[in-house]
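First comes one chain, alone, set out as C-alpha cells in the form predicted alone.
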C-alpha cells in the first residue's frame, strides 16, 4: 500500500472518491459536517464511529440517496453532487443497505441476472426478437452462476430468494452488487445477521475484490471484521471525521477511544469495547 498520511482529511495518491465541505442539517441539528475526505483507489476502507456519528447519513449523501445542504462529491474525477442514485450506479458506484433487499419470488439466479446492466432484451423494441439478446443472456447467466458460486450459493441457484437465511440473503445482495461490476462498492453493515462461517466468506471476498482493483467502502460496527479486513479506517463522531489511518493507528487514537468510551479512557480500543458501546 502506498504511504498515506494518517491525519483527518489527508490527500490520497489516487482517490476514487472525494467529498469536500459536505454538510447535512436536519432543522437545527447538523448530522454531517465533513470538511474533506478522500477514499483511495483499490483499498478496503472502513467507516466507523459510535451510534449517531453520522456514518449512514454520510453514506446516503455519497451515494445520492440524500442531498447535502452544501458541499461537493467527486467520483472518478467527475462531480456527481447532483447525480441521482441510478446515475451514480451506472458510473460504477454501487451500494448495499443495512436491510437486505431481494426479490423473494424470483430464484437466486434470476436475482443475480437482473442486476446486470445494459441488457438488450430489456429494450421494448428488442424484447420480441430473441436473436438480438439470446447470446448476451447466456453470457449474463454464466457470469451470474460464477459470481454466485464464489459466494457459496452455486447449489442454490434455482431456490427462491425468499427461502434463504438472513446471511445467505446478504451474500446474494453482495453477488448482485458485483454483477454491476462496480469501481466503488459501498457496504452498509455487511455483517448484520451473518453467522461466523459466512462472515469469513464475506471477508475473503472483500480482500479478493480489493486485490483485483475494486475499491471497497464499508460502514461497520463489528470491530473484529474492521480490524481483519481493512486497509484504512476512518472514524466519525458527531458528524465529523476525527481520525483516519491504518487500523492499528486508529484503534490507538485517543480521540477515537474517547468518542466510543468517553473521557478518562486511555487504553487502545478493543472489539469488546465497541460492542459494549453500541
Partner chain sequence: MDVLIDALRTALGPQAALYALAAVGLNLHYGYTGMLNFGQVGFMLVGAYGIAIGVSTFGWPLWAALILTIVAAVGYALLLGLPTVRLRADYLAITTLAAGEAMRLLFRSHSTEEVTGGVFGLTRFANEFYELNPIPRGRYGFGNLVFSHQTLWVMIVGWVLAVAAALLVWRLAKSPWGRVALSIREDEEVVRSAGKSVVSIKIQSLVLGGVMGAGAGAVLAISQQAVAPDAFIPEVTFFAYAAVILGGVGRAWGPLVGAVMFWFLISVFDSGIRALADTGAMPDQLFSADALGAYRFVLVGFGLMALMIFRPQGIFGDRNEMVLGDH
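Residue numbers count along the first chain shown, from 1. From a predicted model like this one, the values you see are computed outputs, not experimental measurements.
Although it is not shown, the form predicted in complex with the partner chain is what the next lines describe.
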Item checked: Option from 143-151, 88-96, 74-82, 195-203 whose residues, in the predicted bound form, bring a heavy atom within 4.5 Å of the partner chain -> 88-96
Note to self: Since only the chain is shown here, I'm wondering whether residue 130 would be in contact with the partner chain in the predicted bound form (any heavy atom pair within 4.5 Å).
What the structure shows: yes
Notebook entry, point to check: Do residue 176 and the partner chain come within 4.5 Å of each other in the predicted bound form, heavy atoms counted?
Noted result: yes
Note to self: I'd like to check something about residue 183: if you look in the predicted bound form, is any of its heavy atoms closer than or equal to 4.5 Å to a heavy atom of the partner chain?
What the structure shows: no
Check: Is residue 162 one of the residues lying within 4.5 Å of the partner chain in the predicted bound form, judged by heavy atom distances?
Finding: yes
Check: Going by the partner chain in the predicted bound form, which residues of 95-115 come within 4.5 Å of it through any heavy atom?
Finding: 95, 97, 101, 102, 103, 104, 105, 106, 110, 113, 114, 115
